[in-house]
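Quick heads-up: it's one chain on its own, the form predicted alone, in structure tokens.
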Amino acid sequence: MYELVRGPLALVSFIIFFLGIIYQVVYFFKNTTKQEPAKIYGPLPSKKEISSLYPSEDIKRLARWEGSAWSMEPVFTILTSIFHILVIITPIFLLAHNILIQESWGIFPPSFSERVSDILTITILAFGVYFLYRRLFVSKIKAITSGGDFFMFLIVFIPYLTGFLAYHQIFPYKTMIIIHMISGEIMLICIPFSKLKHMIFFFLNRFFIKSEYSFFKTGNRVWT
């Protein structure tokens, strides 16, 4: 079972993961179009006349701030941002994962120390418990929570929990490591085809979609 999960099933999950990302990127560009500049007939208005029709940049920035999560829930937004960063970088730079890569392909990527990886994993689990508490007991969050949200929570939470338990051998190691690998592979497969795909569309929307939340002003695509 261990060799099956580590070998063929891991390969299949990575293939589905990368093909799913490609599918979502193609879907994004297929369902968005470039927004052409508006055609103006007749004499062009001056910059002063144009600027008088729109609020100043200070007013725009204030409006974006007032309507953003950073303004309404700054602490939660900071915690969420940290959580998402840790969820991504921890498995990438995990020493145990990179040792497997070295054994398979002879490449040893940069890795965190075991102590740092342990601290980051505990932090992710603590965040997970906090987010679960909000889903269960904070009224405005509970009202919009469905069974699918709890399923997504388990998909993300279980790989980190079982990895932590396996590393510290709190339960039988072989059992925990197999559950850890299977749950991680399920998470990889689910990312492009579930709510977890926001990790893909976050960057696509911020770089390509024309809106006040774009990272740059060069975004010129709109959803069709």
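Everything numeric here is computed off the predicted structure, so don't read it as measured data. Numbering starts at 1 and follows the sequence shown.
Form predicted together with a small molecule: not shown, discussed below.
Only one of 176 to 184, 26 to 34, 163 to 171, 194 to 202 lies within 4.5 Å of the small molecule in the model of the complex by heavy atoms, and it is 194 to 202. Contact annotation for Phe108: none of its heavy atoms lies within 4.5 Å of the small molecule in the model of the complex. Phe112 falls outside the set of residues with a heavy atom inside 4.5 Å of the small molecule in the model of the complex. In the model of the complex, the small molecule lies farther than 4.5 Å from every heavy atom of Ile82. When contacts are judged by a 4.5 Å heavy atom cut-off, Leu136 does not count as touching the small molecule in the model of the complex.
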